[in-house]
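Heads up, the chain below is alone and in the form predicted on its own; it's given as C-alpha cells.
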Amino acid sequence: MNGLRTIAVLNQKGGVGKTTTAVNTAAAIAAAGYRVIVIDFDPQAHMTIHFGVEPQTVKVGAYEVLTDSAGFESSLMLIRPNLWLLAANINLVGAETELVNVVGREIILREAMQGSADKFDFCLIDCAPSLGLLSLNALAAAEEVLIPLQPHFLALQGFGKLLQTIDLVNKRINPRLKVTGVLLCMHDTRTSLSNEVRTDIVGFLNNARGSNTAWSDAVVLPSFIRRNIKLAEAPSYGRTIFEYDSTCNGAEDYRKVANFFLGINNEPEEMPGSASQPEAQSAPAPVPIEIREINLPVPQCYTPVPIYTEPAPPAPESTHGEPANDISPEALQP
C-alpha cells in the first residue's frame, strides 16, 4: 500500500455503532497483516475502554497530541499485533476550549500525523458524537469517511446535515475528503422499516452520482451489521469481537466490512434495494481474510465488569394460595 489510508468513523448521533465499528474493523484489518492505528477522539474514551485500557491510566494520548505537549508516534500504544492506539482520557473534553484561540486549530492532528504516513497502512478515527473541533480535526486529517447508521427514522434526521458538514470541510479545509460509504448497524431485514430506510439511502446516494459533492461516490456497504448481543458484551471485557467470540454473527459481519476496505469482494447478499447499488470492483486474485486468534491478557489496569448477575430466587408461595408476606395482617392493625 502507498501511504496511510485514514478513515474517520463519524456520526453526530450517539449509539449508532461508531466505536464498535472502528474497533472491530481495525482489529480485522490488523489481523490480516496490515499496520493499523486507531485514534480515540471521543472524550468518553469508549474505544480506549473497548481495547481493555483504563482511561485513568492514560498519561499521554490524544489530548497531549492536540495541545502539542507530546509527539504523535511517541503517544501510540501497541495494544495488539499490528495495532496501535492513540488513547483518550477525560482531559480531552477540555481540548476544544483550550484550543479556541489557536491558529490552525482544525488541522493539528493532520500536521501531527504527517511524519507517520509511510510507517502505517490504515488509521481509523473514532469521532465524538458531535460536529465540534475534535470531529473537525478528524475530518481534516482523513481522506475517507465511514458513516455508521441505524436504519430508523430518527437516525436519518441528522444525516443530511452531516453530509453538508463533510462537504464544507472538503471545499474549505481538506479537498481529499470523501464519503466512502454508509454502514447500516443493528439492521434487521425482517422489518419493513429497516428495508425502506436502506432503499431510501441507496436511492439518495445514486442520485448524487456525478455531482460536485463529497458523497458523489459513496455507497451503502454491501454488508450490514446484524443485531448481536455479543457485540454489546465484548467491550465490558476489554476485547474485540474476534477475541470474545470469533464465530458469532458480529464477527462475521465485521470481517466483511474489513474485506470491503481491503478491496476483497464478499459473497453477494440478497438485500432490498441492492439492485440499484453499483457493482463493487473486485481486487485481482482476492484472498479472504483469516482472522487469527489473539489471546492477549487483559491489562491489569482494567477490571472486567460482569454483565449478568444471578437472578434473585423467587419469593416463597403461601400455603393458602395467597402471595407470601413477611408482615402479618395482624401487625398492620392499629
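Just so you know, these numbers come straight off a predicted model, no measurement behind them. Quick note: we count residues from 1 along the sequence shown, nothing fancier.
Although it is not shown, the form predicted in complex with a small molecule is what the next lines describe.
The closest heavy atom approach of Gln44 to the small molecule in the model of the complex falls within 4.5 Å. For Ser194, no non-hydrogen atom is located within 4.5 Å of the small molecule in the model of the complex, even though that partner is not displayed. Looking at Arg226, you'd find a heavy atom of it within 4.5 angstroms of the small molecule in the model of the complex. A residue is said to contact a partner when one of its heavy atoms sits within 4.5 Å of a partner heavy atom; Val169 fails this definition for the small molecule in the model of the complex, lying far away. Put simply, of Ala140, Cys123, Met186, Val202 only one has a heavy atom within 4.5 Å of the small molecule in the model of the complex, and it is Met186. Checking Pro129, Pro222, Gly181, Gly158 against the small molecule in the model of the complex, a heavy atom within 4.5 Å turns up for just one residue: Pro129. Between 211-219, 132-140, 232-240, 107-115, the stretch whose residues reach within 4.5 angstroms of the small molecule in the model of the complex through a non-hydrogen atom is 232-240.
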